[in-house]
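Two separate entries follow, structure 1 and structure 2, each one form of the same protein chain as C-alpha cells.
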Structure 1
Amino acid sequence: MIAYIVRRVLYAIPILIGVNLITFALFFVVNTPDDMARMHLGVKRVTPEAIERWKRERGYDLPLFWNGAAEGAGKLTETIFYRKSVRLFVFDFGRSDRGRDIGEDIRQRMWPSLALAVPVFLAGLLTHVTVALALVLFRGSYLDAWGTVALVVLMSISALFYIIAGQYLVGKLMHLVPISGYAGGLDAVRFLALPAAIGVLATLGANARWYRTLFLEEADKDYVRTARAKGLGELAVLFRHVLGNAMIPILTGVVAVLPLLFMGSLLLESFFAIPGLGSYTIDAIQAQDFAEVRAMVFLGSVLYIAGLLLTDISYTLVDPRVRLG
C-alpha cells in the first residue's frame, strides 16, 4: 500500500511541473510582459517609458530564462521564470500587479470560501445520496418515475436561475436573509444560508440522478438477489450492500472535490458578494492582475492533483483489490 501511494505521488510531480510550464508559457511567451503592460495601463497610446516603468515595478523587466548579465547562480535566479514560476512550488506567490501580498490575500479569503463550500458539500452529499436511495427503494413506482423527471428538470435549469430566483423570492420578497455581503462569526450564518441552499439545490438534479444510476447497477447484481433470497429487508440490502459496494465511484467524485473546496464557488461568491477565493479570482481577471490569476491557476492545479491522490488513496481503503495489487 505504501509503495502504491509513493508511486502515485511520484506520478503527480511531473504533472504539476508540466502544468506550471504550460501556465508560464501562456502568460509570458504567448502573452509577453509588454502586452501585459499595454493591457494593464489601458490606454491606446502607451509610451515605451511607461511600459518599461510598469515592467520594472513588477519585476517583469528581467530575462525570461537566462540572465547573462548576472553572476553565478543569479543567471538562473534573476529571471522571470525563477521569480514568477519556480517560487510557486514553495507557495511563494509574491506580490500582485496591484502591490498586494497574494499569500496573505489567499489566507484571508480561504475561510469565507470554506464557510460556504463545506456546508454545501456535506449537506449536498447527504441530500443527493438520500434522494437517490429513496428512488431506488421505490424503483418502478410512480415516485421513482416522477422523481426522475424532476431530477432531469432540475439539472436542465441553469445555476444562475436558482441564484436570481432565490435572491428575489427569499431576500427581496420574504426578507428572510440578506442577499449579499458577509460577516464573521455566527453572523455568517445569515449571509451563507441562502447561497448554501442554492448550492445544494443547483447540484441536486445531476448528482442524485448519477447516484441513482450507480445504485440501480448494484441493485441488479447477483449478490444483492442472494441477500434478498436469504430474507434480508430492502433497507438493509440498500445500506449494507448496495451503498457499500457503490462507494468506489462515489469516492471518485467526492474525494476529488475536497481540495477544490478551498477555491470557492465563482458564481455563488460573486453574486452574493462573499469575499472568498472564487470572487478573488473573478476580481483578478476583471482587474487584469496577471500575478493573482497565475497564483490561482497554480493553486487550483495543486489542489486538483491532491484530490486525485486522495482518490487513489481512498481506493486502497475501500477496494482490497487495489491494495493487494
Structure 2
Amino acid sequence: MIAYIVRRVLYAIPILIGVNLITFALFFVVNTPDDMARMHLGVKRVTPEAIERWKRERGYDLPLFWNGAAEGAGKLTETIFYRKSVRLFVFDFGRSDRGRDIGEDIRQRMWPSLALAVPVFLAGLLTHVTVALALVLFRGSYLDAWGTVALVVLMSISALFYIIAGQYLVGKLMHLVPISGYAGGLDAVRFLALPAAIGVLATLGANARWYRTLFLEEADKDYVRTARAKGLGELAVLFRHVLGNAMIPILTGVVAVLPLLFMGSLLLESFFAIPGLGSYTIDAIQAQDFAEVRAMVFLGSVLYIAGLLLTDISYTLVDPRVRLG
C-alpha cells in the first residue's frame, strides 16, 4: 500500500503543474499585469509611470512564460510563471499582491472555516443517516411516503433560501441567536448554531434520499431476510446488518470531501460573516490578486487529490476484498 501511496503522490506533481499552468493562463487571459496594477492603484489619477513602478516592484514586469532577453536557464526562470509558481510546491505561498502573507492568512482563516464545516459535516452525517434509517424502518407507511416527498421538496430548494429564511425566522423573529458574526472560544457556539443547522438542513434532502436508497437496496438482500427469519428485531437488523454494509459507499463518498472542509463554505460564511476561507478566493478574484488566486487554486487541488487518495485507502479499510497494489 505504501508503494501505491508514493506512486499517487508522484502522479500528483504533474497534475499540480498542469493546474497551476491552466490557472496562470486563464488568469492572464482575463487580466494583464497592467490591469492588475490599475486595480491595485485605484481608478483615480493613475499614471503609466505608477503602473510601471507597481509592476516592477512586484515582478510583473517580466514576460509571462519565456524571456528571450535572458541568458540560459534564465529564459525560463526569469518569467512571471516561474517566479510565481515554483515556491508553491514547498507550500510557500509568499505575499499577496496587496502585501499580505498568504500562508498566515490561510492559517488564520481555516479555523473559523473548520469550526463551521466540521460540525456541519458530523451532525449532517448523523442526521442524514438517522432520517434515512427512520424512513427505511417505517418503509411502506405514510411516514415513508410523506417523508420522501418532504426530502424531494427540501432538495429542490436553493441553499440561499434556507439561509435567508433561517436568519429571518430564528435570528430576526425569534431572536434566539445573532443573525451574523463570529467569536472565538466557546462563544462561537452562539454564532455557529444557526449556520450549522442550516448547513445540515440544506443537504438533508439530497443526502437522506441517497442513503435511503442505499439502505433499501441492502434491506432486500438475502442475508437481511435470513436475519429477520431467524427472529431478529427490525431495529437490530437495520443497525447490525443494513447500516454496516451500506456504510461502505457512504464512507467512501464522505472521505473524499474531508480535506476540502478546510476550504469552507462560500455562502454560509458570507451571509453569516464567518471569517473563514470560503470567500477568500472570490475576494481575490474580485481584487485581481493573482498571488492569492493561484495559492488557493493550488491548495484546493492538493486537498482534492488528498481526498481521492484517502478514498482509495478507505476502501481497503471498510472492504477487505479491496487491495491497493
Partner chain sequence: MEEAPQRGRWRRWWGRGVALAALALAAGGCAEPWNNPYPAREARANIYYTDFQERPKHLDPARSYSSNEYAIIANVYEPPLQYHYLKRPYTLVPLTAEAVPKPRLYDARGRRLPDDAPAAQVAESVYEIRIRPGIRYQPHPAFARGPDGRFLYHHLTAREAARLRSPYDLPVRATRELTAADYVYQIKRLAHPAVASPIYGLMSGHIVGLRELGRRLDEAWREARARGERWLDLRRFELAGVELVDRYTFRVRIRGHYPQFVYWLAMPFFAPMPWEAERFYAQGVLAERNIVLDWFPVGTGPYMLTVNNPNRRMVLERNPEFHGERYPAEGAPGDRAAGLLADAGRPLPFIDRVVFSLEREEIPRWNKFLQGYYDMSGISEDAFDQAVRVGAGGEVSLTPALRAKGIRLQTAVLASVYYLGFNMLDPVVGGLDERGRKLRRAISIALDYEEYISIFMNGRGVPAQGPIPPGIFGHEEGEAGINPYVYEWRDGRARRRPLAEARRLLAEAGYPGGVDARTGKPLVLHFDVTGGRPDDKARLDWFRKQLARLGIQLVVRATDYNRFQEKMRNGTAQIFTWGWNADYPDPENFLFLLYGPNGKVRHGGENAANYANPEFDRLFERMRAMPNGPERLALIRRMVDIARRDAPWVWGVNPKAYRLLHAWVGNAKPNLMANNTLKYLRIDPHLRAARRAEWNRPVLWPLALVALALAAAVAPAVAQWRRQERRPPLEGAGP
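Values in this document were obtained by computation on a predicted structure and should not be read as measured data. If you superpose the two forms and keep the largest set of C-alpha atoms that fall within 1.5 Å, you have the rigid core. Residue numbering: sequential along structure 1, first residue numbered 1.
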Checklist outcome for this item: Note to self: form predicted on its own is structure 1
Checklist entry - Taking the rigid core as reference, does the Cα of N67 move 2 Å or more between structures 1 and 2? => result yes
Item to check | Core-aligned CA displacement of A50 at least 2 Å between structures 1 and 2 | outcome: yes
Checklist entry - On a core-based superposition, does P33 travel 2 Å or more at its Cα between structures 1 and 2? => result yes
Checklist entry - Can you give the CA shift of G18 between structures 1 and 2, in Å, with the two forms fit on their core? => result 3.2
Checklist entry - How much does the C-alpha of R7 move between structures 1 and 2, in Å, when the core is lined up? => result 4.6
